[in-house]
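To begin, one chain is listed below as structure tokens, in the form predicted alone.
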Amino acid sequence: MVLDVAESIRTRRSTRSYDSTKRLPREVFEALEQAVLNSPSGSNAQESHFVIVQEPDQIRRVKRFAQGVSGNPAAVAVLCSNRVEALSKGGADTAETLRFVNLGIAAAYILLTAQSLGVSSCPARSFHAKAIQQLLGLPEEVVPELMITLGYADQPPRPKTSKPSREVLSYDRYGKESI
């Protein structure tokens, strides 16, 4: 199964319960690698770093320091920023703000790539950054900012509830509802 981008956006939901018997095939990791490598970055700084944890014992160790990671994912993508490299390559704006925008874009690429391949996911921000940094052997300047669990859901996702479009979308100026 391969979904196009629009269908992936429409169908993606966060999953916190995975089928622990199903591993991710190599093609999924290759697709995630391409998603990361093709993710844009402000000023082309490319200061982000990504660690994809797939070894079951390492996932268990990560989960000990990540209360936001639930279920039994087949992999955990750890999205990291490097403020030092961001400052040297992109300047103060990249170091203070764009590095987080860059990670957000990369996260969207990872989430949608996974969804397009039938792999469920869930972003998580609740973890002990210093412990994860040490566990993954990250250099001092490379800091984990976000995790994304990946795997095959063991139950269908809950239906999505969204605000009415007029509450979240305007055209030309705030509050104008139509094109």
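Every value quoted in this text rests on a predicted model; they were computed, and no experiment measured them. Numbers follow the displayed sequence, beginning with 1.
A second form of this protein, the form predicted in complex with a small molecule, is not displayed here; the remarks below concern that form.
*Asks:* Pick from N38, S126, Q134, N44: which has a non-hydrogen atom within 4.5 Å of the small molecule in the predicted complex?
*Replies:* Result of the distance check: S126.
*Asks:* Can any non-hydrogen atom of L146 be found within 4.5 angstroms of the small molecule in the predicted complex?
*Replies:* It does: once the small molecule is placed as it appears in the predicted complex, L146 has a heavy atom within 4.5 Å of it.
*Asks:* Spell out, yes or no, whether the shortest heavy atom distance between R13 and the small molecule in the predicted complex is within 4.5 Å.
*Replies:* Because a heavy atom of R13 falls inside 4.5 Å of the small molecule in the predicted complex, the answer is yes.
*Asks:* Residue-level question: is V53 within 4.5 Å of the small molecule in the predicted complex, judged on heavy atoms?
*Replies:* Outside the cut-off, so no.
*Asks:* Indicate whether A153 is a 4.5 Å heavy atom neighbour of the small molecule in the predicted complex.
*Replies:* No, A153 sits far enough from the small molecule in the predicted complex that none of its heavy atoms falls within 4.5 Å.
*Asks:* Which one, 118-126, 26-34, 57-65, 136-144, holds residues whose non-hydrogen atoms are within 4.5 Å of the small molecule in the predicted complex?
*Replies:* The contacting stretch here is 118-126.
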